[in-house]
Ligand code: IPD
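Take a look at this one chain, the form predicted on its own, written out in structure tokens.
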């Protein structure tokens, strides 16, 4: 039986999301630290990843699966990049902002991706050249004529980037036209740019599974997705600017001048 990759990603993300929602609803789960007390892994992360790997490996045995909880990052010709629970700290603290994120990349380009918010039952998905969708509704970036633009970022786990984020916000505040949020879930924030909920999102240090799905969803909706220096996006370069096109030239000079 031949499986469609995007349909399979949707199916498995819904299944993993159901498990996560079950744990969030009150089932006991274990929490342990990885690198520090802000970098956590839970029973839900591990069981979600197990579901995703088993399903994808059985349907597509020739495609490697690279997951966050493996901690083995190997650049391959093609692979599924999975974050079984993006926003683990939010999940643990009962902050309802986390997802299942799965992206399929080939020859260092995104082919399809799915981001599923299990609490809101929000499903974002895209196939290259075919547009991106939110619960079946096609997404389009439209120029926001509101005076204030809503931008977002996240601190990450590398303290060397904290000062950079503060400096970026200080510079943008001088323009008196931006509002800010810190989301704690990169995959969903990137999708929110594609949906027009956020006008832009940047991050100084992300890993491939954080971005693999969201990048395509935002891009297919019409968002500009680049590295923070303005160069074409590269999944292995660890930073990202996803932004409505009309704001790109306003944000890039600020981001590139921060050292």
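Positions refer to the first chain, counted from 1. Since the model is a prediction, treat every value here as computed from it, not as a measurement.
FYI, the form predicted together with D-MYO-inositol-1-phosphate (IPD) isn't displayed, but the following is about it.
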{"query": "In the model of the complex, segment of 202-210, 47-55, 218-226, 24-32 with a heavy atom within 4.5 Å of D-MYO-inositol-1-phosphate (IPD)", "finding": "202-210"}
{"query": "Residue contact check: residue 185 to D-MYO-inositol-1-phosphate (IPD) in the model of the complex, 4.5 Å heavy atom", "finding": "yes"}
{"query": "Close approach of residue 117 to D-MYO-inositol-1-phosphate (IPD) in the model of the complex, 4.5 Å, heavy atom", "finding": "no"}
{"query": "4.5 Å heavy atom contact, residue 85 to D-MYO-inositol-1-phosphate (IPD) in the model of the complex", "finding": "yes"}
{"query": "Residue 157: touches D-MYO-inositol-1-phosphate (IPD) in the model of the complex, heavy atom cutoff 4.5 angstroms", "finding": "yes"}
